[in-house]
Each structure stands twice: as structure tokens, then as C-alpha cells.
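The data below hold one chain only, encoded as C-alpha cells and taken in the form predicted alone.
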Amino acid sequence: MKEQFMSAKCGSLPAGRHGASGGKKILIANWKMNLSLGQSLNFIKKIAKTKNEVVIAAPFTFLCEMGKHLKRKKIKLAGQNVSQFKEGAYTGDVSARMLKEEGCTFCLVGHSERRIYFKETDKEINQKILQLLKYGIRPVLCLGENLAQRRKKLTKKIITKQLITGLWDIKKPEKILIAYEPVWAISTFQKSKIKHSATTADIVKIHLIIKAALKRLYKNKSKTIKILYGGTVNPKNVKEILKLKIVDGALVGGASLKISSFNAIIKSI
């Protein structure tokens, strides 16, 4: 498997013809450690209607109550993180089974903040993915390179390594989603006055690298894997990003915390 990934090449696929399954896009709102329960319930009441798929990755303590209010809506719930262990003496952790019981059908894994702040390794992320799949929850594997790695032209190597270990021993690729998070283009991590942002050309280039690597591993089954973009998505840039057929959706951070901005994103596609 490792050799398969390492030999993957970007290729020359036309960006406009290779979405994972075509048609509907998926929007995942990552609320992180924000809002209150009351605010979250008010939020979901006012989310705009859409034919596209909308998922909210809310704080764990909100999931149960939110699930009750979403029964008549098509909005789905996601965990923001999960333990790599099934159960046991792991104070503060949340298991895949617990997420399942709260109504989650998706879960973020390997988010850039988890990798950077909590030093999560690719091996731990792989274990988390395996746990989620056991309970029928779709993992959203987040990956991406930082500015130093980008400047050293290590993007393909970093992305490939994260895919190699993160998807190790995964037999059902149709259950997996990938979210490309260019750390260098995420506002949370930009401390300098000079702000960096990804162009559509940057996005297409990396999505092609990911697609080529997935194809080497899963062959035709790789077409079932949706690849989202998650680099400071907001109402101003989302339309341009999501008109790219190679992009199957977006992972939205700060812009998903306000009803007005998230509805603007929903209405843009």
C-alpha cells in the first residue's frame, strides 16, 4: 500500500470533470468550541433550505438536543473528534459508539487544530477512522500542509504521507470523505501581516494530487470518495471554489458561526 501511494502522480485530469459523484455538494459547518446550546438551537431553526447536503459538527454537549430538533430537517450531525479507543479509562474522551447514539452520521478526524494543538499523529487518526467505520459513521479525514512545508515544496510528500497512514487498512473507501485544509491559508494560523490564501489553481492542483493517490490505492472505487476544501471558506470565496467540479463540498469554520454568513454560503450553490 505504501508503495502504491508514493508512486501516485498528479496527472493531467481536467479539473471540471472529476467530482467524486457529481451533483450535490456537501457543506460541513465546524463550530469548534463556540456558541451555547440556546444559540445552536436558534441557529438550526433558521438554516436556509437547500438540495445540497448540510452537516453540522457541533460541540458534543449539544448533539443530543440538536438531534431532537433536526428530525424534520435534512441537516445531519457530525462529531468534531473521536477517541481511537472503543471504551475504557480515557477520561474526557468520546467514543464512536457515543457519537452514534447521539445521532452523528459523520465525524471530523485529524483536523488541523487537533494535529497542531494536540499533536495527533497519523497513526492515531487511522485508529479513529477504524473506530468510526465500525459504528457506521463516515469519517472526514482532514489533511494539509503548513507554510514552511509549502515553501520547501513538500506539499505532495506531506499530503501523501497523511493519506498513507490515515487510510491504512481501510477497506470501504465509499464511506470516507477527505477535507483538504491548507494550513498556510487558514486564518487561525496566520500570525504575520501578510495573509496567504489559496487560489482556485492551488485547490485544483492539490485535489488532483489527492485524487491520483486515491486512484492508485482504490482504483475505480476512488471515484466514490468526496474531496472537500476547507481553507477559510466564506461567503466571498465559496461560490468560486464550489463551481469547481473537482471540489465536492466545503468544510466551513468561522463563517459557519453566524446564521447570516452560513446561509449566504448555502444559497451560493
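Source: prediction; values computed, not measured. In case it trips you up, residue 1 is the first one in the sequence shown, and so on.
One more form of this protein, predicted in complex with a small molecule, exists but is not displayed; see below.
Here the chain stands by itself, but in the predicted complex one stretch of 64-72, 202-210, 223-231, 240-248, 223-231, has heavy atoms within 4.5 Å of the small molecule.
Interface membership of residue 111, defined by any non-hydrogen atom within 4.5 Å of the small molecule in the predicted complex, is confirmed. Under a 4.5 angstroms non-hydrogen atom cutoff, the small molecule in the predicted complex has residue 187 among its neighbouring residues. Among residues of the shown chain, residue 215 is not one whose heavy atoms approach the small molecule to within 4.5 Å in the predicted complex.
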